[in-house]
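Quick heads-up: it's one chain on its own, the form predicted alone, in structure tokens.
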């Protein structure tokens, strides 16, 4: 997936991207209601308070849902690839890609873990791969 479009960190998302560069999966959690919040934002969508803090995720979870892409939206993406929703062990969900396995071997419920790929000096992307 070299040459793919990369995110541009902003003040709200920067802690997430800095964590990925350090090999840490960071997510926001509301200190008022306890909900995890991903994608990063200013306030909690559940209680509407601006009491979000950054915490580290264990980076392990279960494949919740997926789709195999055979016709990419952009030519930079090599097909086939797996777009996945992972339910992290802490209970929050993340849209990502599943790597290091063949699309025909992917199953809902499989155990996965985060795997990082350095894409530039600033951006390291979090992907997920099957757990042994």
Partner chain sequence: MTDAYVVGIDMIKFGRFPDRTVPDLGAEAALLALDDCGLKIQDMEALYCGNLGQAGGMVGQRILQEIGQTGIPVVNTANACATGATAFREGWMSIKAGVYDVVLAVGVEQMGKGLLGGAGGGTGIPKEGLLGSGTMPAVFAEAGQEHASKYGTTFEQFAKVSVKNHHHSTLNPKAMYQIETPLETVMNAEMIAYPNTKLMCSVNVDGSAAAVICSEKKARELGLMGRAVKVSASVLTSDPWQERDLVMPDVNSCTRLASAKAFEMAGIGASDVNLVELHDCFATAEILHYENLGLCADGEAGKMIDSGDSALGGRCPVNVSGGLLSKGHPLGATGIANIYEVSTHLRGEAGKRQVEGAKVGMTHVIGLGSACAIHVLEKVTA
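Residue numbers count along the first chain shown, from 1. Because the structure is predicted, anything quoted here is derived from the model rather than measured.
FYI, the form predicted together with its partner chain isn't displayed, but the following is about it.
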{"item": "Its partner chain contact in the predicted bound form: residue 16, any heavy atom under 4.5 Å", "value": "yes"}
{"item": "Proximity of residue 27 to its partner chain in the predicted bound form, heavy atoms at 4.5 Å", "value": "no"}
{"item": "Any non-hydrogen atom of residue 72 within 4.5 angstroms of its partner chain in the predicted bound form", "value": "yes"}
{"item": "Heavy atom of residue 10 within 4.5 Å of its partner chain in the predicted bound form", "value": "yes"}
{"item": "Listed residue (101, 58, 49, 83) with a non-hydrogen atom within 4.5 angstroms of its partner chain in the predicted bound form", "value": "83"}
{"item": "Members of 41 to 66 lying within 4.5 angstroms of its partner chain, judged by heavy atom, in the predicted bound form", "value": "41, 45, 46, 64, 65, 66"}
